[in-house]
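First, one chain by itself: the form predicted on its own, in structure tokens.
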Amino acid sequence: MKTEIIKWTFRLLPALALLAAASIALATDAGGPGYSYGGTAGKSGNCLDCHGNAKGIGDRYFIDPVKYGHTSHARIGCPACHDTVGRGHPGDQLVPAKTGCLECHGDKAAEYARTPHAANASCGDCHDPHRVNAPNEISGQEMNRMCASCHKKESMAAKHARWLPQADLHLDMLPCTTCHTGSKNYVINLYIIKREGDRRKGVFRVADFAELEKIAAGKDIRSIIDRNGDNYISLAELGLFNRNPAYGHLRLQGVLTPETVTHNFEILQNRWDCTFCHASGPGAMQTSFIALPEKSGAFRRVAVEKGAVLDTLNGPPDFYLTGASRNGTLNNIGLAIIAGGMVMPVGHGFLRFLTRKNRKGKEHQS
């Protein structure tokens, strides 16, 4: 009998252990506001009851639930970084400690520590942990805004203009990371830009989700360009968007952005070579996406027909990369014009060569 009891006890031990763990988890979830995992209906769901209310907590401690809920940090939860928040928070008046970025991102931190930037800016100076997005979810313009918080655009344009033609244009069309990090796998992301106030001479800026949602009139904003809803943008659909008079205040802005981002900020010698971008049909120029804003502030991408940005007749009208944006039809027309222009001088010279004896005979007779 005793042997049977011992045998059944050992059989039940795993189940008892799981039951105990579940009981501890439930007890933790039933705790105070300090035990939330981030979402409005997260594993505990208490932190954003206060921090998701701007009026109640103020701008300093406000966390936008929509923008935060999209991040990978939201999936691991608030306690992963704020593990010292007690059950008496905030009434206990204790300032919660913050987990350092190194604990999860040690490889990136080690790479960054070897750069001159490390002495002047910490992770939090560029990255908001409550709004962090993947590299392909953030616009090139937003990347540059991070850099511009220290490197003012005017002074950077002046420095680059010492050697770089059309420096302003380059700084608008390229994230700083394209030339100043070892980032890899470059593609063209096309953003819908909107004229401020719809005025004829207004400044263009990247259109946000609310503006495009209004233009889409209740449909998915992708329908503005993806007319057949197949999650793929063809040259024909690009042409329809570009020629649509209702979209006269909208344009497409192409930005060369890296897929794989590194933190080894430096001046790379091969970026001084114009052919890094300005070559005949480089691989990066063949791949492009329409980057559409989401409510969370991130961007989702829709694939565009291969080679679209190189098609100057049907592709994005405001994206022209000298040396790369070549069109076969235009090349043939250009060759025909050159050939036609050469007919007269070459033909005239050839006829003079054939008739040279006749001219000499006439000269002797005279």
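Since the structure is predicted, the reported quantities are computational estimates derived from the model, not experimental observations. One-based numbering along the sequence shown.
This protein has a second form, the form predicted in complex with heme C, left out of what is shown; the following refers to that one.
Contact with heme C in the predicted complex, judged as any non-hydrogen atom within 4.5 angstroms, is confined among 98-106, 228-236, 291-299, 210-218 to 98-106. The single contact residue among 135, 248, 182, 197, judged by any heavy atom lying within 4.5 Å of heme C in the predicted complex, is 135. Checking 114, 278, 87, 205 for any heavy atom within 4.5 Å of heme C in the predicted complex turns up a single hit: 278.
Shown alone here, residue 187 lies farther than 4.5 Å from heme C in the predicted complex, counting heavy atoms only. Though the partner is left out of this view, residue 55 does not reach within 4.5 Å of heme C in the predicted complex, counting heavy atoms only. In the predicted complex, heme C stays beyond 4.5 Å of every heavy atom belonging to residue 240. Using a 4.5 angstroms threshold between heavy atoms, residue 287 stays clear of heme C in the predicted complex.
The candidate spot formed by 48, 127 and 169 lies fully in contact with heme C in the predicted complex, as each residue has a heavy atom within 4.5 Å of it. Shown without its partner, the chain has 76, 77, 78, 80, 81, 82, 85, 89, 90 in segment 74-91 as residues with a non-hydrogen atom within 4.5 angstroms of heme C in the predicted complex.
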